[in-house]
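Okay, here we've got a single chain as structure tokens, the form predicted on its own, with questions on binding and movement later.
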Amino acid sequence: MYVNEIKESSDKIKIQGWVHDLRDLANIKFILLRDSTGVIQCAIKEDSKAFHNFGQVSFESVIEIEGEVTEAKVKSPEVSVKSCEIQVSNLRILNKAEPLPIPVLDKRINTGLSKRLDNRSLDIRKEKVKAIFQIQNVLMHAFREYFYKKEFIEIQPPGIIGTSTEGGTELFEAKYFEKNAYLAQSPQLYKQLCAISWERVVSTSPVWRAEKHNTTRHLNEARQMDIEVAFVDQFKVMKYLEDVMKYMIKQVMKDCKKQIDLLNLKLKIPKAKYLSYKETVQLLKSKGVPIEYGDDLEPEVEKKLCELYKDSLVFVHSWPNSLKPFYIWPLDKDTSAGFDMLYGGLELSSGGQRVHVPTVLIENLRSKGLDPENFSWYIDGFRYGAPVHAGWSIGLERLTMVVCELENIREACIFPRDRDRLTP
């Protein structure tokens, strides 16, 4: 039986779980028992044979309790089943926990993030930490659900690649028999090749970037949610992004009311604002931001732009070619069909219309200092009837970080990987 199935009419029951809290009131003892569905109060009276076993129980021990369900006399604010409690007749310790390196009850000690991550399997037992990943679960499910309803095909792109997908040197090398290989920076090239055959594809996959940063907004392994669509330009694919973002947040507001309250979040369905890169630079300069045409948007600039359009998805489109990857379509000599989406002070997504003409792709590669020979398999895919297509990706951890109002992206990753952390 689970905690959320217990009612006053349940009579005698047997239940298993973790020791969430212990309270010793001399002639009566209380155990707060937690399982995946909630917390219930268990009372052990002096005449119970379980009374003398209470002293052997420790925080987070796994136990089994037998008893009778009665109306709760004392209602703890931590329990999720408030109308009743268990009068314990038998207590069995299934696996006694050793002294905890970090507390699971948030009210006891404010532990630093590094130590929490060192003991992550314990840390994720905390109700507030669990709430973050319950929200992330709904975000991911809503993302898939939205595009399943749109009849997209989910693809599983490779994680080991032989060629850089983004250019540059931020790749993790992998030993692959006698060949040089890398961990994928992005599913970009593969989702394009699927979209020009199947028209609408979606993927959720891990990506790796060997950038030697150490910030609160970067991970070296992250999860991406991607789409790629044929016969659309950057504006049509931005509309997909606007709509799915609103849908995901709407689903969190609908399905995660308890978690929203626990984390004290102020969620609302965002509006959308569309600006060209040129308009963005002009606006920021008018607000005293030191930026020039051709500059990238630095973190403080992204934050400022989001402050100007509070509670909005800010789409900055038509970027300079020099600031976008080789696979973004050039609208003219200077301007690309690429965009970024900002929300909550962070860049959450990049995308745009892709290059579908082999001669343009070869020219773009050379302009970025890349050898087209290394991309021959990719270029050849566009020689056999490739339509105009566009797409984007959302960083799952960044999205979770913004929705849950977290200060560090590592809190939005169960087992984060950064420059210094490879375990647990």
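Being a predicted model, the structure only gives us computed values, none of them experimental. Residue positions are given as counts along the sequence shown, with the first one as 1.
Omitted from view is the form predicted in complex with a small molecule, to which the following refers.
Q: Are all three of 224, 348 and 393 close to the small molecule in the model of the complex, meaning a heavy atom of each within 4.5 Å?
A: Checking in the model of the complex: 224, 348 and 393 are all within 4.5 Å of the small molecule.
Q: Could you tell me which one of 246, 125, 217, 303 places a heavy atom within 4.5 Å of the small molecule in the model of the complex?
A: Selected residue: 217.
Q: Heavy atom within 4.5 Å of the small molecule in the model of the complex: which of 15, 402, 19, 409?
A: Contact with the small molecule in the model of the complex is made by 409 alone.
Q: Which among 80-88, 257-265, 348-356, 113-121 is in contact with the small molecule in the model of the complex, heavy atoms within 4.5 angstroms?
A: Answer to the contact question: 348-356.
Q: Can residue 398 be called a contact residue for the small molecule in the model of the complex at 4.5 Å between heavy atoms?
A: Residue 398 belongs to the contact set for the small molecule.
Q: Taking any heavy atom pair closer than or equal to 4.5 Å as contact, tell me whether residue 242 reaches the small molecule in the model of the complex.
A: Judged by the heavy-atom cut-off of 4.5 Å, residue 242 is well away from the small molecule in the model of the complex.
Q: Consider residue 211 of the chain shown here, and say whether it contacts the small molecule in the model of the complex, taking contact as heavy atoms within 4.5 Å.
A: Yes, residue 211 is a contact residue.
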